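Only one chain comes next, encoded as structure tokens, the form predicted on its own.
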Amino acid sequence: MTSRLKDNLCSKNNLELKNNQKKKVVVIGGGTGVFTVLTGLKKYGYKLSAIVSMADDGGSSGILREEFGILPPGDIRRALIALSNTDNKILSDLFNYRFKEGKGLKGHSFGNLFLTVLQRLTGSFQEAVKEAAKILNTKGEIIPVTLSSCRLFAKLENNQIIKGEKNIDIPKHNGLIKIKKVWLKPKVKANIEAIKAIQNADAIILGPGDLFTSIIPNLLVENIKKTIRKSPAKKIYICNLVTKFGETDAFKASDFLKTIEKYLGKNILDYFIVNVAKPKKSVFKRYRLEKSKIVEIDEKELLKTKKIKLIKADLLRENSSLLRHNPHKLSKLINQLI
């Protein structure tokens, strides 16, 4: 590559970063899905905001909720690490470190405990998140969707009621019975900072992530759905790679889209992103044991939704034992759409 060509490419990249710095991008969800999107997008220079579900009540987060009255820190911790701008890998490893032994400590991650202590020191969960963001030097803000405690409930097609995100996520009931609807109890108001971030956004991204336990709980918080619908921002929904037993068993791509529209409203989304790459059989072996299947793209059904543009792309992470979106492929595609 010639020196002049290198200079031209560098100038082009610098101009793109400068333009992107004016744009505000909001990512809504929870779990590893938000982590993946944020990890990829932070290199593009956007003003990023992660709005994170507060419905988690399993594992370490669930225990800390019960014992300390704290809002669930697990998904917040993941978003903090994703947006961390520190070169010190040990710091992100520290926040992710999970105790394997120790009475009272086993199963807890250091980051969750750290946020619990910060809440005690600052007096509020929101301030604790902000202080943690300073320590990790995050490129963007992490916003709990609500500052009030709530539980996620689901009603199955046989009218059985399931209480708690943990019991929906890891079903003790018959996971083949479809979910009819989900709701939060008690009803909770949105964090005003979440509302402001959505109102000012140039782009809003939903997913990927567990449909009923990571994404939709955000839409159930008062005024979140209404604010998204009113926003002139580009609205993008990223479909999951695989189905999940107990939540989206036997779902096709159109089922994911229809379910999001059930809670968000029709003709609100602008883009629906789906992966077309197929994983190696060896990689998918473990997912068969979990009763998961690759999400089938039923294009004819999807094209019936004329307002929403279907985006098909190879988004699979290579050389991984887990089925995950490749953060760089995904962020490159999102950057083109924005």
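All figures in this text were calculated on a predicted structure; none of them were measured in a lab. One-based numbering along the sequence shown.
The form predicted together with a further copy of the same chain is left out here; the points below concern that form.
The stretch in contact with a further copy of the same chain in the model of the complex, judged by heavy atoms within 4.5 Å, is 102-110, chosen from 181-189, 206-214, 228-236, 102-110. Although the partner is absent from the chain shown here, Glu67, Leu118 and Thr122 each have a heavy atom within 4.5 Å of a further copy of the same chain in the model of the complex. Though the partner is left out of this view, Asn88 does reach within 4.5 Å of a further copy of the same chain in the model of the complex, counting heavy atoms only. A residue is said to contact a partner when one of its heavy atoms sits within 4.5 Å of a partner heavy atom; Glu131 meets this definition for a further copy of the same chain in the model of the complex.
Heavy atoms of Phe114 reach within 4.5 Å of a further copy of the same chain in the model of the complex, making it an interface residue.
At a distance threshold of 4.5 angstroms between non-hydrogen atoms, Glu157 is out of contact with a further copy of the same chain in the model of the complex. The partner is absent here, but in the model of the complex a heavy atom of Leu94, alone among Ile162, Val242, Ile195, Leu94, sits within 4.5 Å of a further copy of the same chain.
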